[in-house]
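What follows is one chain in structure tokens, specifically the form predicted on its own.
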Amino acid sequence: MKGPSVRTSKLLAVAALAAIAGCTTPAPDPGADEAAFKQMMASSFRDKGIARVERLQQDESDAACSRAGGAPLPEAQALAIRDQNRATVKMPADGRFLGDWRAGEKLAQSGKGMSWSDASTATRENGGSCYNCHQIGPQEIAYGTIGPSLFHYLANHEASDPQGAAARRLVQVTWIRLYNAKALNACSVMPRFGHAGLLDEKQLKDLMALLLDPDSPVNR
């Protein structure tokens, strides 16, 4: 028996390739993936206590960084985000930046507040949970490393002279970072304590004192 002709073989090969092509996985659809993700989030969470599902809504700053997926943003976009967030920063009403470092230490240690188990935001102060991401005082044996160590904060920033120019600049930068870290780093993962209303002005001042008071254990 004779085998298939050359022409027949070519036709069979083309048919096989067409069949294979028809079985390939279609290209991902980013729009469909995004819609499926939003649907999953909406069906997986619900309001409970003071924890509301509206917290899942990102502003444009967060959304831009999420879309980047860890990649650096284009410089123009990063600058625009920093400028937008810088405009939200409110300096202390009385012009004084430092509170009580002892209260700041308690605040840094506390992870309480803003939880579904809290009856309301009026019944307790929110904590800062600072040790989740930073080393702060020398007594800590367990702390997070997402952020840099803050131990010896003044010395590490060459600002040990509280009246010096370096210290004055550091006060401003530290306040901005605590109030809204995206004003300095567009995709910072640090909570925007002042911008989001997580901490009030007094609490921010107490954290400032923990970092900047020469008598604080941070700087001894």
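Just so you know, these numbers come straight off a predicted model, no measurement behind them. All residue numbers refer to positions in the sequence shown, first residue = 1.
Form predicted in complex with a small molecule: not shown, discussed below.
- Site annotation in the model of the complex: the residue of 103, 73, 133, 89 reaching within 4.5 Å of the small molecule with a heavy atom is 133.
- Not displayed here, the small molecule is approached by residue 177 to within 4.5 Å at the level of heavy atoms in the model of the complex.
- Proximity of residue 148 to the small molecule in the model of the complex falls within the 4.5 Å heavy atom cutoff.
- Using a 4.5 Å cutoff between non-hydrogen atoms, residue 188 counts as a contact of the small molecule in the model of the complex.
- Under a 4.5 angstroms non-hydrogen atom cutoff, the small molecule in the model of the complex lacks residue 209 among its neighbouring residues.
- The chain is drawn here without the small molecule; in the model of the complex, the stretch among 38-46, 60-68, 189-197, 158-166 whose residues come within 4.5 Å of it by any heavy atom is 189-197.
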